[in-house]
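Only one chain is shown below, in structure tokens, and it's the form predicted alone.
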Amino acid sequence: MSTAFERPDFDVIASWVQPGERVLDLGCSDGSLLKRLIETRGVRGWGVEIEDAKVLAAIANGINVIQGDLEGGLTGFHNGAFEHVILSQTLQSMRHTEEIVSEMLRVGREAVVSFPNFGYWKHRMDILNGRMPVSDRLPYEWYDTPNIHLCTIADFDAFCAKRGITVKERKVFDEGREITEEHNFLGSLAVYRITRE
């Protein structure tokens, strides 16, 4: 799986976050993204993570982290408490997708969501060949995957449109390079900046 240094979504997120903003990183893992944002953008950041080892790793990275299950919502956070709420490559493992996106937009002025694009041409080829896709962005076999809601870029666009969510910006990548056309076919990773405005 890609490391933080190979993740183009981290670069995009860092470019969207303004210096000094309040940032909440949901499913923050070891806190690598927040650490980067704190060091390079001077943000005030907090993370939420469920796994014990990742919480300890985030603490070791100097991150303010709360151990919690995102499936229970973000009831501990006030409306508009953050400028940005981030869900980086975690959306596909959420059971209650609509609720978590709604909660992100309640507690944050903007939400940033990144996810592997199931419509990517290599994934389509795997399906045509009778197998579930396994790749850098989808590294699990069908029987051990934490991913339960795989979607395409077109699916997420429709999801936002149906709920009155504004897509302020979208970046799409494959193997670290930005894709500028045929996003749903050529892109393996999508990064969205969304709001209710």
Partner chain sequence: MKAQRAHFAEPLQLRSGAALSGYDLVYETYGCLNAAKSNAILVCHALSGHHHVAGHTADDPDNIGWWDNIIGPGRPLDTDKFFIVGVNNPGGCHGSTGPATVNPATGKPWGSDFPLMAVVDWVHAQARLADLLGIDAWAAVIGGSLGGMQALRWAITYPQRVRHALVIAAAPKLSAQNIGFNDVARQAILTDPDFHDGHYYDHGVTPWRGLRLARMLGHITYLSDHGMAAKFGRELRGGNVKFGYGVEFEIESYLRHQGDKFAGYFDANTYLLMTKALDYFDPARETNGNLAAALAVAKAKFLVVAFSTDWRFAPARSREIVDALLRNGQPVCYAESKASFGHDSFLMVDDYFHGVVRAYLANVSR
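This structure is a prediction, so every number in the text was calculated from the model and none was measured. Residue numbers count along the first chain shown, from 1.
Separately, the form predicted in complex with the partner chain exists; it is not shown, and the next lines address it.
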The one residue among 164, 139, 62, 146 placing a heavy atom within 4.5 Å of the partner chain in the predicted complex is 62
Within 4.5 Å of the partner chain in the predicted complex, heavy atoms considered, which of 154, 38, 134, 56?
56
If you check in the predicted complex, is residue 78 within 4.5 Å of the partner chain, heavy atoms only?
yes
How about residue 44 - does it come within 4.5 Å of the partner chain in the predicted complex, if we only consider non-hydrogen atoms?
yes
How about residue 66: is it within 4.5 Å of the partner chain in the predicted complex, going by heavy atoms?
yes
So which of 68-76, 106-114, 89-97, 121-129 is the stretch with heavy atoms within 4.5 Å of the partner chain in the predicted complex?
68-76
